[in-house]
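Take a look at this single chain, the form predicted on its own, given in structure tokens.
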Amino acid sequence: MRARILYVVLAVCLLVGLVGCGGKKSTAPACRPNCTYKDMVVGFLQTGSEGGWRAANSASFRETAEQLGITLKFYDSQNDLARQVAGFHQFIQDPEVNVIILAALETTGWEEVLKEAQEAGKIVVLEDRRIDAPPELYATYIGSDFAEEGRKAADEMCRLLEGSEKKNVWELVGNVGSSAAKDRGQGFRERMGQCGIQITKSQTGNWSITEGKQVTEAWLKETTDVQGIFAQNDEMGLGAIEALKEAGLKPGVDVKIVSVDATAGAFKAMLAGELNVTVECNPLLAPQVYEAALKALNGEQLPKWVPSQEGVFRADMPNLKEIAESRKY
């Protein structure tokens, strides 16, 4: 009798080879190697809402998905890591989702959930934020070189403070666990010593105008001995501008300000003479990300990093107004 039961179990296993006796599903999408965008069901794990850059990033994924015929399931992590991990698990368990796109809130803690996604046959593409995980667990990362953005910011601050007797700089840091904050800070420090810059204060402003202003206000109550502010995103830079004005200082003149992102708000501040430089971080990544995801879905091997092209914008550029008018975010 036991032998007969074993025979039946083995026969069933052979018939349902897509699942297998171990319970693992086939990792190959049914449409491979001829999947199209219409075959893609994407689970997109967004970090949350952090201002103009993040809004443009989200809009890029929604609008491009509609244009290409991709089914998009959007998940707002609300800047909560536990919530984001829970959302990742939901997409792994969702039988419709075949691609997971992750904008990670923090760099660590992803290895186990990535293994689960791989075992479930999900393609994972990282966008905007890097993570610390074995590269074989995801298809590719598409986004900026954050360390290079930090280097560019330091080069610009050196140019702005050339000839200044003192070069005390305050740093407004983003989410301290994110790759953007870590790498921009590291890149800035790699170059700042070339012109004698010293970071005399550094604290997180969590990418926020409100918190950027609050931190700067607190520092200004302690001292006004500052020649430059490096804000790791435009929103914190705009907050610092407000704090400086309320303290009777002229932002962009008394205190030089360099920020990162190149959003419409930054261009407005540069045209007003209150922000000196913004280093671009391109949020319109959806076309590149979806293209890479489709290739991975069809079994193509991808480079582990596809960098986005970005520039630097200065308040003294003669065509600044024209560039500002053409910004999409």
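Quantities reported herein were computed from a predicted structural model and do not represent experimental measurements. When you see a residue number, it is the position in the sequence shown, counting from 1.
As for the form predicted in complex with ligand GYE, it is not shown, yet the points below apply to it.
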53, 129 and 146: each with a heavy atom within 4.5 Å of ligand GYE in the predicted complex?
yes
Taking the shortest heavy atom distance, is residue 88 within 4.5 Å of ligand GYE in the predicted complex?
no
Contact between residue 233 and ligand GYE in the predicted complex at 4.5 Å, heavy atoms?
yes
Can you check whether residue 157 is within 4.5 Å of ligand GYE in the predicted complex, heavy atom basis?
no
Residue contact check: residue 180 to ligand GYE in the predicted complex, 4.5 Å heavy atom
yes
Heavy atom within 4.5 Å of ligand GYE in the predicted complex: which of 270, 286, 42, 281?
281
Choose from 32 to 40, 286 to 294, 53 to 61, 300 to 308 the stretch whose residues reach within 4.5 Å of ligand GYE in the predicted complex, heavy atoms counted.
53 to 61
Within 240 to 268, the residues that have a heavy atom no more than 4.5 Å from ligand GYE in the predicted complex:
261
